[in-house]
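Next up: just one chain, as structure tokens, the form predicted on its own.
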Amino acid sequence: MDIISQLQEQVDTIASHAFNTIGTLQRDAPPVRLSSNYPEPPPPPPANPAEDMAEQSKQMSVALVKAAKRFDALVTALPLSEGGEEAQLRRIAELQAENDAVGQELQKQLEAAEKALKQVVELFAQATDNCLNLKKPD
């Protein structure tokens, strides 16, 4: 797998860990009274001990940090560009010109193939007409 795909996969992993961590923290957080105008929040369910919540939060944060460190390691492994921004822009222009030339060649081949197909269809129509009419070809 190339490094860009690995980076994309790592970003997905980081997003997944962040999403799950925040969701779990929201789910397990004890209710808090926002204002004296609001009624007292219901007591938290007794099924979630505070120690489990703390341990789970710690494990999730460790996984998130490991994923971020892996991402940083992949970024450092990226090859450095040589020549700076001007060289990159020049290379992009070269690749674009090459892409345009290849595109034009493919367009010419497509037109030639369409022309050949049209001829084949016409010849096939003549052959079927000759067979149906049982006449000899000219």
Partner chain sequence: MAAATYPPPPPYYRLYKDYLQDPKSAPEPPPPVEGTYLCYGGNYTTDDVIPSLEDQGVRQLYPKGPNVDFKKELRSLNRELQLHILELADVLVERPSQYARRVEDISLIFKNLHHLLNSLRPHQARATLIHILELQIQRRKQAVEDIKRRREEAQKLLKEAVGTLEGQ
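If you're wondering where the values come from, they're calculated on a predicted model, not measured in any experiment. Positions refer to the first chain, counted from 1.
There is another form of the same protein, the form predicted together with the partner chain; it is not shown, and what comes next is about it.
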| query | finding |
| --- | --- |
| Residue 35: touches the partner chain in the model of the complex, heavy atom cutoff 4.5 angstroms | no |
| Distance check, residue 12 to the partner chain in the model of the complex, heavy atom within 4.5 Å | yes |
| Residue 105, heavy atom within 4.5 angstroms of the partner chain in the model of the complex | yes |
| Contact test in the model of the complex: residue 59 vs the partner chain, heavy atoms, 4.5 Å | no |
| Neighbours of the partner chain in the model of the complex among 1-24 [non-hydrogen atom within 4.5 angstroms] | 2, 4, 5, 7, 8, 11, 12, 14, 15, 18, 22 |
